[in-house]
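Take a look at this one chain, the form predicted alone, written out in C-alpha cells.
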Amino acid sequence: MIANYGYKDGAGEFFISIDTEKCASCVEKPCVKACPEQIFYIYEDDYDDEVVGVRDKSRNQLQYICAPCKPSTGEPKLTCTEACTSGAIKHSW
C-alpha cells in the first residue's frame, strides 16, 4: 500500500509517499533518525507491521519543513530518502 501524506494548494502538490510494504521490510527505520525536522514516526499498521508515517502536525507544512533538505540544483538527495535503504520514501516535488 502507498500511504500519501501532504497537501495540494495553489503553489503545487507537496506529498511524501511511503510504500508500506517496502517500509515494513526495513527493521531499523533509519529515516526516522535521519530527518532533522523529526517529521516521521513509527506505528503499527492494520497488518501488524511496523511502518513509518508523517506526524499530523507536519503534514500541511511539508513544503516548508522539507525545504532545507531540498537541493536547489542537481539530483535531489534528501536525507530521508538516502537513509531509506528500502526505497520506500518518495517526495512529489
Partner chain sequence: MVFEKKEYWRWKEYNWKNPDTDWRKANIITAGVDVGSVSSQAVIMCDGELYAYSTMRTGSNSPNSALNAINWAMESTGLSLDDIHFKVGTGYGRVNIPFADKAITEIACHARGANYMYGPTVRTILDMGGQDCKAIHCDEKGKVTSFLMNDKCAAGTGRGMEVFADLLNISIEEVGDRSLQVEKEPEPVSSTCVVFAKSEAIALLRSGWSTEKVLAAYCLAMARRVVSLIERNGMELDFAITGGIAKNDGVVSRIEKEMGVKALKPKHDTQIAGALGAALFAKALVEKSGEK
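Residue numbers count along the first chain shown, from 1. Note that the structure is predicted; figures quoted are calculated from it, not measured.
Heads up, the form predicted together with the partner chain isn't pictured, but that's what we're talking about next.
In the predicted complex, every residue of the candidate spot (G6, D9 and F15) has a heavy atom lying within 4.5 Å of the partner chain. When the partner chain is considered in the predicted complex, K33 lies well away from it, no heavy atom lying within 4.5 Å. In the predicted complex, no heavy atom of S86 sits within 4.5 Å of the partner chain. In the predicted complex, the partner chain lies within 4.5 Å of some heavy atom of D46.
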